[in-house]
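Next comes just one chain, in structure tokens: the form predicted alone.
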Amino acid sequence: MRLFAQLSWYFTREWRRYLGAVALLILIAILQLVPPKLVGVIVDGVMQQTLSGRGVLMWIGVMLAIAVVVYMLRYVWRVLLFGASYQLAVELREDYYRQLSRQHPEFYLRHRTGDLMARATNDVDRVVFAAGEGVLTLVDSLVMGCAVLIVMSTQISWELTLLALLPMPIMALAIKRYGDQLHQRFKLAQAAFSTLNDRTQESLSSIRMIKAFGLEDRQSALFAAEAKDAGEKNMRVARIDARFDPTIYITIGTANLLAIGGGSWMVIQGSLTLGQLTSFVMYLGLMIWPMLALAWMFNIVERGSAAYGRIRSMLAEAPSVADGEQQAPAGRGTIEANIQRFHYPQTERPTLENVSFTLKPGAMLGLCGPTGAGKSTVLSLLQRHFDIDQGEICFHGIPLAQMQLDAWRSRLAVVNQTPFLFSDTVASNIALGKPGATQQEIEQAARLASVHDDILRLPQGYETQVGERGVMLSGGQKQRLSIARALLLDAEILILDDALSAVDGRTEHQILHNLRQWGENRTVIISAHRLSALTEADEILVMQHGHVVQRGHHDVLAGMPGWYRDMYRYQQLEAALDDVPAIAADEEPANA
């Protein structure tokens, strides 16, 4: 029952709908009390020969009219009640999605995608079902049950009513116990469903890799194990669920036995007429639904309560990076970074130490170093995905921690290491950050990213569907589409996180040339393993183990002993060796 208290904010706001539905339910309950009374009148009238055939038909007509009115009123209350509960589903999902969009990478390190999806779908459905069917069964069972009890006690016999209700306290205790067990078992079942959802999502997302490694049987076995576990936990829920109806029917049967036995004795004694006993048994039949509804309500509400607890735990989780209050100043500004120390959540060893640089408007900063040096971490801190432990990053002299996140990030255009494309057209993917972009603007961004010609070779050009995650495109095409998407934003600061790793050297050279033309007076930050991408940078930071070990312009670093010179020479040699077969192939026809 605590779920109704937790949802009181919604019931209070939508009180007109719920009050209207409750009022109609009460009216329906009152109307349903009339037919059993009329049947008793008809039976006594016929037995005592005081009621004519015309009178019998009149009372039957009244009962038919009541049935039609009840039908119409039931339609209206369903519209009111379930309309309100469906609106709750919309709001819960909107709040949930908004909460997920506010979270930062640290949140997604702790929560898996399948579990988050399960809470947005299955759990919300359970809460909505409780807010609709749960409220219905609660009100209907209480109103109908209380009304029937009052009529039975006042209009027929309170002694017989008390006798018939003797099994009820035992039933109430049993249902309460079942409800507590159901709550705990349903939470476990929902957690198992989330795990199964995780397994499904991961398997579908990585299906190409699974098939490439021939892991179909292994993944099927893992999925079967998760499905079996979820099935077992749901079976434990079903075992509890299955106890409700037998308990109620045994109680109802016992109540009927006591009513007929006690009522027959009272008819023989003359304290009760046969018509009154008939009405009493019919009223007792009306108690079947309230008792079933009460048990069903406990079932629904306990499931909804467990589900709402899972949703609330997510909604209550504050973002790990707090939003600032200041707007980012207008105009282009200098970025000053002084990262004294930073470590990722749940790790003790620092990822970055003593990393500092100053980047003036229109300048280009290059980041390089071996894998795991901390390059992507620096770019994440620039985007404020995490807060710095010691130190700060400033823009226009204002620490990023004091700026509004949306205002700061609107100044950035980012291309990440792993490009993500939506299951949409090429044009829509490029225009993701600027939905109102014209076709001319989209094509201009594609030309700057050197992907325009590739797009024209696709079956429908810019209207080609790229498939889920861009499955029909190559890695280089995905990267260049992501670069075009970022360039279309025309942002002040462009961040490329190893965004040219999947393109060949010639295409890389063309893109960098285009970026130099596009990026006039724009700040560009490039992280790259291929050092040829950094030759035009105003300053290059060479990082190792979270520290800056070298810094300077390309020409200076290329002549200075250290990792940069060694890697640059190695990459030059590698490029030269790659060119040898091409040169030989060009000369072979001439020699022939």
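Start at 1 with the first residue shown and count on from there. Computed from a predicted model, the values in this text were never measured in an experiment.
What follows is about the form predicted together with ligand ATP, which we do not show.
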Have a look at Arg485, Arg119, Lys375, Arg126 for me and say which one sits with a heavy atom within 4.5 Å of ligand ATP in the predicted bound form. Lys375
By the heavy atom within 4.5 Å rule, which residue out of Gly362, Pro329, Pro169, Pro370 makes contact with ligand ATP in the predicted bound form? Pro370
Verify the contact flag for Thr351: yes if a non-hydrogen atom of it lies within 4.5 Å of a non-hydrogen atom of ligand ATP in the predicted bound form, no if not. yes
Heavy atom to heavy atom, is Gln269 within 4.5 Å of ligand ATP in the predicted bound form? no
May I ask you to state whether His553 is within 4.5 Å of ligand ATP in the predicted bound form, using heavy atom distances? no
In the predicted bound form, does Tyr344 come within 4.5 Å of ligand ATP, counting heavy atoms only? yes
Where does ligand ATP sit in the predicted bound form: which of 310 to 318, 375 to 383, 404 to 412, 185 to 193, heavy atoms within 4.5 Å? 375 to 383
Pick out the residues of 522 to 537 whose heavy atoms come within 4.5 Å of ligand ATP in the predicted bound form. His529
